[in-house]
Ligand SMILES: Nc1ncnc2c1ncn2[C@@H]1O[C@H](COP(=O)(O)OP(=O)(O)OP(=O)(O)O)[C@@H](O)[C@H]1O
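This document opens with one chain alone, in structure tokens, the form predicted on its own.
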């Protein structure tokens, strides 16, 4: 967003703590992205100090939760990741591209939509097998929105202490509500297991109950994005709490061809990578990328210039070998 527009929004939000802080965080984020770290740190210090003054607290409407110092309250539970990919780096179905673009446009016109007393979609669930691009898509989504990207640390979120996990979940959701950002919660099934699963203990069922409440009530300044490889294990009530659900499948042959073209566009080859499309069928994009990188590195190791057919064949053989190894472990 242009600096002038941000300043106008900042002035317009004066007296409304949540909105004012959200716009101020956008300005600080812009300075961080420009490399003006000292200025950003100074602005954040002033912002946090002003939010904690008696005058600011007394002017806050009754019932409004105190502002969370950014990002200290959730620092142990979330990690900021700088996006390094763009939309052209991810291979998505036409449906998923359409949904993502719709969400971005809706976010950009949020004020116009809210002025008509209509809700803005801000809670998205990604479902699909491992390696199909869910995490990469969340990163690219944040980049398209020009919002900071935070990944929830699942190992810190889930506590061995009774009752602490629900408290940690509340902190993350409060963080997502206050900060203009994309918060990404991977392996969501670890928290949202079906409550009728006899193997789960009562504490986790209480966490799911809390989770349902948090998702239903949250109205983030940005987006809450959750992802799961095990959609069948998620409590059925969870799906209704999300504004949008996107499904990620193994790539089609057309998508594999598109991916290979991008992967080898700056690489000298003696073989057309497209001839290996059938060999890559039924594999995830993560598996295919690993094989491509192996083939690309082969001539460098052998002190050759071009990728040869043997390099691709060897990479495919190793890909098949890894799948057999995974199948053996499961059995």
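Since we're looking at a predicted model, the values are computed, not measured. Numbering follows the first chain given and starts at 1.
What comes next is about the form predicted together with the named molecule, which is not displayed.
Taking the partner from elsewhere, residue 31 is found to have every heavy atom lying beyond 4.5 Å of the named molecule in the predicted complex.
Taking non-hydrogen atoms only, residue 210 never approaches the named molecule to within 4.5 angstroms in the predicted complex.
Proximity of residue 188 to the named molecule in the predicted complex falls outside the 4.5 Å heavy atom cutoff. Although the partner is absent here, residue 91 lies within 4.5 Å of the named molecule in the predicted complex, judged by heavy atoms. Listed residues 131, 257, 83, 180 were compared with the named molecule in the predicted complex; 131 is the one with a heavy atom within 4.5 Å.
Contact annotation: of the candidates 279, 269, 286, 298, the single residue with a non-hydrogen atom within 4.5 angstroms of the named molecule in the predicted complex is 286. Looking at 116-124, 100-108, 131-139, 234-242, the stretch with residues near the named molecule in the predicted complex, meaning non-hydrogen atoms within 4.5 angstroms, turns out to be 131-139.
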